[in-house]
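Have a look below at one chain only, the form predicted alone, in structure tokens format.
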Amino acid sequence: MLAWGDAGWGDEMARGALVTLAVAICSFAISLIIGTGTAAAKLSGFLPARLAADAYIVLMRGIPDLLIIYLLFFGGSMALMSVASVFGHTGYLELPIFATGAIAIGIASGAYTGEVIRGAFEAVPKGQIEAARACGMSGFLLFRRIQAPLALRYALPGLGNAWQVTLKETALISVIGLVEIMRQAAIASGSTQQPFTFYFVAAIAYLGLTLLSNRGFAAAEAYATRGVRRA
């Protein structure tokens, strides 16, 4: 029988859920930064920037996320040891697992986030942009009053989907030892010989985070829509 008291696994599973949420938030923030830069590059008139953005998107879409995690984890450790060897250190070093996982997932998700942001800016009606320019709006004012609010409204559904994917992809980080929901469920099931119980609890935890996320993005979409209407 599963015990959730001080001697049970309830606290550990709850901590695993918090770690999953923290990794997802950090990864999504990184993907937004990368995605914004990628979208800006693709929308720019600078050909090398567009080509670099296209190459990044093709690369990230073509490589499995799990492989990106492995490459960053082991490649980063090798690079860290190479730098350390210059200063006489010969032992094994590795990058922080949390940071490695968050960066890897963020890099992988940035390609999809970038396409969402690019599509949102391209969806802004050209007539509104032309009308704003005809009224004498500067480039910054046009961006702040017209393009950014409308693009945010169009991007939120896609960003919500990107967040859900990022949240679920955090389960992959368990392969490098980060104790999040999946890793904690594996440890608990191995210790208690109750794999179905703990993996079912993990599924419920992911479902709960997903439902809360859906509510949050729905509220954000409603707020953005009201803001655009007021503007």
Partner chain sequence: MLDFALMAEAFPAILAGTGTTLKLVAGALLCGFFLAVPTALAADSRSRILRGTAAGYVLFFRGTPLLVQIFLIYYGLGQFEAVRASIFWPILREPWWCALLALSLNTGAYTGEIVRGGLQSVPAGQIEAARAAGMSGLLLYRRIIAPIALRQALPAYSNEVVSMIKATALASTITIMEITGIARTFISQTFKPIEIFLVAGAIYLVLNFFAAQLLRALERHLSPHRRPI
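Treat the numbers as computed from the prediction; the structure is a model and nothing was measured. Positions refer to the first chain, counted from 1.
Heads up, the form predicted in complex with the partner chain isn't pictured, but that's what we're talking about next.
Trainee: Is the partner chain in the predicted bound form close enough to F28, G190 and L212 that every residue in that trio has a heavy atom within 4.5 angstroms of it?
Mentor: Per the other structure, none of F28, G190 and L212 touch the partner chain.
Trainee: Going by a heavy atom distance of 4.5 Å, is G75 a contact of the partner chain in the predicted bound form?
Mentor: Because a heavy atom of G75 falls inside 4.5 Å of the partner chain in the predicted bound form, the answer is yes.
Trainee: Heavy atoms within 4.5 Å of the partner chain in the predicted bound form: does K168 have any?
Mentor: Looking in the predicted bound form, residue contacts with the partner chain include K168, since a heavy atom lies within 4.5 Å.
Trainee: Look up in the predicted bound form whether A40 has a non-hydrogen atom within 4.5 angstroms of the partner chain, and give yes or no.
Mentor: Taking the distances in the predicted bound form, the answer for A40 is no, it never comes within 4.5 Å of the partner chain.
Trainee: Is D65 one of the residues lying within 4.5 Å of the partner chain in the predicted bound form, judged by heavy atom distances?
Mentor: It does: once the partner chain is placed as it appears in the predicted bound form, D65 has a heavy atom within 4.5 Å of it.
Trainee: I need to confirm a contact call. Of L32, A53, L178, M60, which residue comes within 4.5 Å of the partner chain in the predicted bound form, counting heavy atoms only?
Mentor: Of the listed residues, the single hit is M60.
Trainee: If we take heavy atoms and a 4.5 Å cut-off, which stretch out of 75-83, 142-150, 95-103, 128-136 is in contact with the partner chain in the predicted bound form?
Mentor: Of the stretches listed, the one contacting the partner is 75-83.
Trainee: For the stretch 168-196, which residues lie within 4.5 Å of the partner chain in the predicted bound form by non-hydrogen atom distance?
Mentor: Counting only heavy atoms within 4.5 Å of the partner chain in the predicted bound form, the contacting residues of 168-196 are K168, A171, L172, S174, V175, M182, Q193, Q194, P195, F196.
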